[in-house]
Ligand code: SAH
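Take a look at this single chain, the form predicted on its own, given in structure tokens.
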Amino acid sequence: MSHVKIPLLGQDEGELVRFAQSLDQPAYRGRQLFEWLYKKKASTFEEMTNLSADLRSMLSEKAAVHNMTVVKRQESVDGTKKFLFELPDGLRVESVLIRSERKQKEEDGQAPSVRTTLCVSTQVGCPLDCTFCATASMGFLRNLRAGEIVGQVLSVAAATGVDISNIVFMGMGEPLMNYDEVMKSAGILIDGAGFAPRRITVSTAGWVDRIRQMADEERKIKLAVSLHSAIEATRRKLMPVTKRHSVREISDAIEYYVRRSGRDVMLEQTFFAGVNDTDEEVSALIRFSRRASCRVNVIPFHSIGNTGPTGFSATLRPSPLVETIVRRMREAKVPVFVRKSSGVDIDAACGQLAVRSPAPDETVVPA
């Protein structure tokens, strides 16, 4: 019978200390493993040069470092990169690396600083069935483990050589439905890989109980909520999760989070023609934003036509009124940011991630 190796990626420092002790090694060996895995991003035990040759050999027999395989990479004309990962059980998820320049005051002729944001997946598929999201077409297969979440970050960094500045749990899946593994992975990225909590954002469709839990546990990472309508009936059509958590419950949870944490929340909003771009809808959004002390991030609608949408999903079109709406919200003193589209030509834009059957010419790209 083949020996199953223990996966180390996704284990926090305490777990790695206990693993080292199980091999009759001192506790500091576990702390060394933690540093090699996450800070130094070692992909093999041979790279861990402050471990003895005998220990590296033992580790190679009993444990494994990486469990992620980059199956396919695509690059958009705008520089956005999409990665298709295959997991140990053969299932697949996608991550997206977005490069953007941050405007800054001209000082000594310095060029604008560059931000690189990685959108990572937290589930294989998604159970929420939002009408405008391609991932919904996959259904839900399973939650990702912490190692599979952190592995996306480390693998993309290794494959590109890019210094990733921001992490967003906004790929495939609803992060707060996989709360424990998502928070564990965030902790590893902060304590091990050196990400500042303010550089990590979890984006939820409005999983109320977990929003409150984040506040109670004093989680330092940022929170974003995909709202898309502050009117109950409209949001139910767009996001069936509203049948479980009403608009009022979401508002109450956000207010609770803001009050307990002292941090504001970003509302993510896509405007659809004739659906949520009316005067009534915009007025409701302004009231919601003021009540819950939220900023609004306007996200363009990206076609999910390649998934063969039917029914209401097939009728959705981008609103032509976005500029007017944004101006009205700013006049109402609601902070609004308008996001540019990235990666549309490779189906890597917001809401477009959906793993389909592999192409015949798909080849493995070393990570």
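Numbers follow the displayed sequence, beginning with 1. Since this is a predicted model, take the numbers as computed values, not measurements.
If you look for the form predicted together with this ligand, you will not find it shown, but the lines that follow are about it.
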Classify residue 270 as contacting or not contacting this ligand in the model of the complex by the rule of any non-hydrogen atom within 4.5 angstroms, answering yes or no. yes
Is there any non-hydrogen atom of residue 37 lying within 4.5 Å of this ligand in the model of the complex? no
4.5 angstroms heavy atom contact with this ligand in the model of the complex for residue 325: no
Using a 4.5 Å heavy atom cut-off, state whether residue 16 contacts this ligand in the model of the complex. no
As a check of understanding, the residue in 203, 80, 289, 242 with any heavy atom within 4.5 Å of this ligand in the model of the complex should be identified as 203
Contact with this ligand in the model of the complex, heavy atom within 4.5 Å, among 275, 265, 154, 133 goes to 133
Would you point out which of 244 to 252, 280 to 288, 164 to 172, 181 to 189 contains residues with a non-hydrogen atom within 4.5 Å of this ligand in the model of the complex? 164 to 172
Heavy atoms within 4.5 Å of this ligand in the model of the complex is the criterion; list the residues of 207 to 228 that meet it. 226, 228
